[in-house]
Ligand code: TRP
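Below you'll find only one chain, the form predicted alone, shown as structure tokens.
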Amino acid sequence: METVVSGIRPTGNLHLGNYFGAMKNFVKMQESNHCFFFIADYHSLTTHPTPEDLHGNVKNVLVEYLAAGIDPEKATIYIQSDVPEITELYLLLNMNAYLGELERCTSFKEKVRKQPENVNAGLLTYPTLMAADVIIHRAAKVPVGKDQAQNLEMMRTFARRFNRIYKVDYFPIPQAYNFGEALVKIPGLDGAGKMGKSEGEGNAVFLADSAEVIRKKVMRAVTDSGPTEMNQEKPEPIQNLFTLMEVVSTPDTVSFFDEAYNNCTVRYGDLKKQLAEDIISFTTPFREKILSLTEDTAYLRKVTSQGAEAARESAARTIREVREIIGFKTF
């Protein structure tokens, strides 16, 4: 059984894109791996140093992780700031991280462009903290998207560098976790690109959205004037609606509207109404769990306490051994 570590920032809610893109695979992953899932509240400060409701954001992510299927009896789920050993390893790794390599990181340069008024040290050393998050548990695997590929390589660099400097074979070199199947890419409702909160609230359908909100969002989805030729290729906005339908509707429903499109008889209003109801049917069990868990403070406290204890046990062992390797000793 391999150790796998993955985190999420407490800055947004789960939407269909998140769920089909990664979360569904995380649920499978916990069945055959030793998984650590953490809520990266320290990381969120690099872009939001004065959050309006950090605790509320953390709670939302925790609740939605659990509602989506993460099982605290099968995986360790914890809050990053509950494990102080992470910040100690972060500091130690920073001693062997070089300014030039940190400044060359694509993610750093992109953030500098987007938030020139808030180029802080935490932003610069984001890859070091990310490395500490993973190698604190001596993880073998880490799920990363294409946009995080460089940060994974930085983790590998820091792990190798520690081993080389201190002449040990201590940290495993983390590899990208292979889900064994292509991740489903869920398009947004704006007619172009993937589903995501950053593209605007109306672009994404969140697992916690009410039926009324979902209907309004779907009915506003971008369409065109309709097909003018038999069996013509679907333009991106229309294909996006069919892609959504393929993950939430029955095959018969998809076939019905596909045939109507190919025959130039499709009515987008009817298609959107059906799609909205199918999305509601899919998300309702998640929404009900989210509402129930949000009110169960005692259970959430138990989950985070249990997770922090397990994560700290793993992290403390690493820090104790790292200190010994470096040469810290008590008198």
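One-based numbering along the sequence shown. This is a predicted model, so every value here is computed, not measured.
We do not show the form predicted together with the named molecule, though everything after this point is about it.
- The contact with the named molecule in the model of the complex, taken as any heavy atom within 4.5 Å, belongs to Val142 out of Ile77, Val142, Leu244, Leu207.
- Interface residue among Leu271, Val61, Ile279, Ala40, judged by heavy atoms within 4.5 Å of the named molecule in the model of the complex: Ala40.
- Relative to the named molecule in the model of the complex, residues Asp82, Leu300 and Gly307 are all farther than 4.5 Å at every heavy atom.
- The named molecule is not drawn, but in the model of the complex it has a heavy atom within 4.5 Å of Val134.
- Interface membership of Phe171, defined by any non-hydrogen atom within 4.5 Å of the named molecule in the model of the complex, is ruled out.
- With a 4.5 Å cutoff on heavy atoms, Arg312 does not count as touching the named molecule in the model of the complex; it lies far away.
- In the model of the complex, Ser6 approaches the named molecule with a heavy atom inside 4.5 Å.
- Remark: of stretches 88-96, 215-223, 122-130, 67-75, the one touching the named molecule in the model of the complex is 122-130 (heavy atom within 4.5 Å).
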